[in-house]
Each structure stands twice: as C-alpha cells, then as structure tokens.
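Only one chain is shown below, in structure tokens, and it's the form predicted on its own.
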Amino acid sequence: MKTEVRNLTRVFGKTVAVNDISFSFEDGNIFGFIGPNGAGKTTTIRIMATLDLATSGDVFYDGVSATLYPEAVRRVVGYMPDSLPGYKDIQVWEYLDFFARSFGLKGAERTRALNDIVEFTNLGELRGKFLYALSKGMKQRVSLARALIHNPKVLIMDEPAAGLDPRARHELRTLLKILADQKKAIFLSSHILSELQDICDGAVIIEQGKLLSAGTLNDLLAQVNGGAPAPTPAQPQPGESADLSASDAAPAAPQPQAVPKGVSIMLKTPRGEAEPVRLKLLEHPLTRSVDLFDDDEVHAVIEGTDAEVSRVVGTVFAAGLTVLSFTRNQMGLEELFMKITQGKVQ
C-alpha cells in the first residue's frame, strides 16, 4: 500500500501549522517523522489518521482520500497516540475488546484477533489490570495492541518511545521490525533520534510546518554531504507527491553555518556496565546526547573535532570504567537533524 501526503496545509487562525507539504512511503518501510517542537508533526499525523481535517491538500492510501472516505481509511490505518487514556473503570481486555467490536470483528474472529494481539504485544499477564494502574511502558504496549487489533496495513505512531526505559524501547524496536517484515508501512514521530537510526529506512524532516527534506537515510546523508546547498525544489503540483524512494526528493534546506560538528560514537561495555559509562559521558560539556541500547551498548553524539571526541572518551577510561570497543559511527539522524534544521518554531 502506498501512502501519499499531497500538498497538505493546516491553518489555525493566523498560524500555518502545516504548510503545503508532500511526501510518500510504501509498505514494508519504516519512516521517521522528525522536526523541532511545534514543527507540525502531531497535526500532520492527526490528519493522516483522519482525526483532523486539512485546510487544503489531502492524504491518500492507495488512491483513497482520507478526506472523502475516512471510514474506509480507518480500516487500513492503525493510529497510536502519544498517550493512553487512564480510565479507572476499564480493564485491558475490555478496552481491546471494545475496539475489536468497533471495527466489526465478531464471534470467533474477534476472540482470535484479541488472543493474537495480546500474545504479540506480550500483554497476557495484564489482561485483568485496569488502565490507570499500568506503567508507561505497559500503557504503550496496550496502545500498540489497540492500533493493531484490526490488522491495519499502515501504522501511524506519535512519539511511541517517549518515556520508555531502555528495555521497553528495545522491545518496541523489535516489534516494529517484525511488523515491517510483515509488509506493514510504519510512520512514526520521535524525539529519540538514535532510536529511529536503528530501525528506520528513511525520514521526513519538517520545520515551521514546511518540508525540509525527505528520503532514505542514504539520500539524506548524501544531501548533507553534497557541499553547496541544493536549490530549493519546486513544490509538487496537485496530484503529485515527493517519492521517498527517490534521491532527489525534497533536497535539504541550506545548512546553517552556526551548527557545530557532531560525531556519533558507540561504546561496547560488559553486560550490565553501560549505565556508569553513560553517566560519565553526560558529565562532559561536549556531550550532546547519550542513549543506552540494552545494558552493554552506549550511543553518544559528541560536539567537536576528532581530537575533542578522543578527550571525551578518555574521561571514561580515566574513571576506570571498562569499555570493550569504541566505534565512530557514520553520521546519524541526530547529526542530520542538527544540520538540516535551524531550531525555529511557529
């Protein structure tokens, strides 16, 4: 299934939250949706999920308009919001059963769908718990189960990893990879760019409601490393969209000269010893971000030259912490994001 966002615009009073953006993606791909706070990500996602109407433009799923046929679109789209309602009088099983009935599942078909999704999201022990009593990670699993209960072809997720601990984020990444292998199209926004780096095939980058860049990760890297800023592309005409598989899709905006160089690194530690390394890196003023992957891998972005990066890593060794290996990564999504965006808000 091909999802196409065509010339999408959403205006609230005098504020243009989404400004004539166009892009597309297909099944089997995971695409990240990134931009500063207030860039228009949630507004775009809500329109894609038929929860809001565009001022102009539209979203199409295999040519079916989300504006004209929202009921048809809801049967092929699963939407996972950034938070789950904390109802005090409904249990996990009842909540999922309500949505299964809402999608018209009946009898044995509904029971089978519920059992399958509970097993897939590992909710078996939580069936009888009330929603309000769940932890953040548990609520995210329930929210994902609700979005998948009708077996949609497209999954749209708003900040699914927000507030999750490292293990829960690892479990979420694993589930998303399985869903992509099942040929589902996945479109998700996140502020944890190192998470997207590991699972995404490409990304859409917006700022102040405008599309800055869209493409595969290799496309985005080529755009940033291309030297002189690429010319601003002509806006797609109605009925056209920027295909994310094409290398010339929505070239990056001019790179701000004030953005310092950042180097992405990975440090491998013995099992269970990654957290002290993370904390030591965070103490250094040149460390821009640090994330744990499981309990034996630390990913960080260091601001500065190679020599400065070496000095930062040297503080880890000086503290007597054990590092089994140290690798400099290819420019990641976080560095691309810093180079392409300028930090502007609406």
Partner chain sequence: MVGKAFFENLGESLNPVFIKEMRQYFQNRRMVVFMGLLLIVQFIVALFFASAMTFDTDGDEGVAFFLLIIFAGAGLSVLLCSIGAEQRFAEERSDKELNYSMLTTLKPSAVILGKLEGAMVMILCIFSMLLPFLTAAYFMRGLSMASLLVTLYLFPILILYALAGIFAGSFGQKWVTVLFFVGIFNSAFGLVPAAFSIIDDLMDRGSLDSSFWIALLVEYEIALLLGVMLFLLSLAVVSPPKSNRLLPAKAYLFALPFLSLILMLPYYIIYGPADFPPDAFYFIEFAFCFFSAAVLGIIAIFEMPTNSIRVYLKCPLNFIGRVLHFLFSTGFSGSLILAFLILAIPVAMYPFGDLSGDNTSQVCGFLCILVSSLGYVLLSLVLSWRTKLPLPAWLWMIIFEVAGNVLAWIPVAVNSGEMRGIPFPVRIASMLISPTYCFMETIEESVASTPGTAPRGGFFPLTITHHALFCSLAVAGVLFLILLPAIVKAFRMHRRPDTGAVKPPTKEMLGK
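Positions refer to the first chain, counted from 1. Given the structure is predicted, the values throughout are model-derived calculations rather than measurements.
Only in words, not in the display: the form predicted in complex with its partner chain, which the text now covers.
Of the heavy atoms in residue 217, none are within 4.5 Å of its partner chain in the predicted bound form. When its partner chain is considered in the predicted bound form, residue 81 lines it closely, a heavy atom lying within 4.5 Å. Heavy atoms of residue 124 never reach within 4.5 Å of its partner chain in the predicted bound form, leaving it off the interface.
Proximity of residue 163 to its partner chain in the predicted bound form: non-hydrogen atoms within 4.5 Å are absent; the residue sits far from the partner. In the predicted bound form, every residue of the candidate spot (62, 101 and 158) has a heavy atom lying within 4.5 Å of its partner chain. Only one segment in the set 274-282, 49-57, 317-325, 287-295 has any non-hydrogen atom within 4.5 angstroms of its partner chain in the predicted bound form, and it is 49-57.
Taking a 4.5 Å heavy atom cutoff to its partner chain in the predicted bound form, the contact residue among 210, 139, 170, 153 is 153. With the partner omitted from this view, the residue of 30, 302, 39, 66 that lies near its partner chain in the predicted bound form is 66 [heavy atom within 4.5 Å]. Contacts to its partner chain in the predicted bound form (heavy atom within 4.5 Å) from stretch 122-137: 130, 132.
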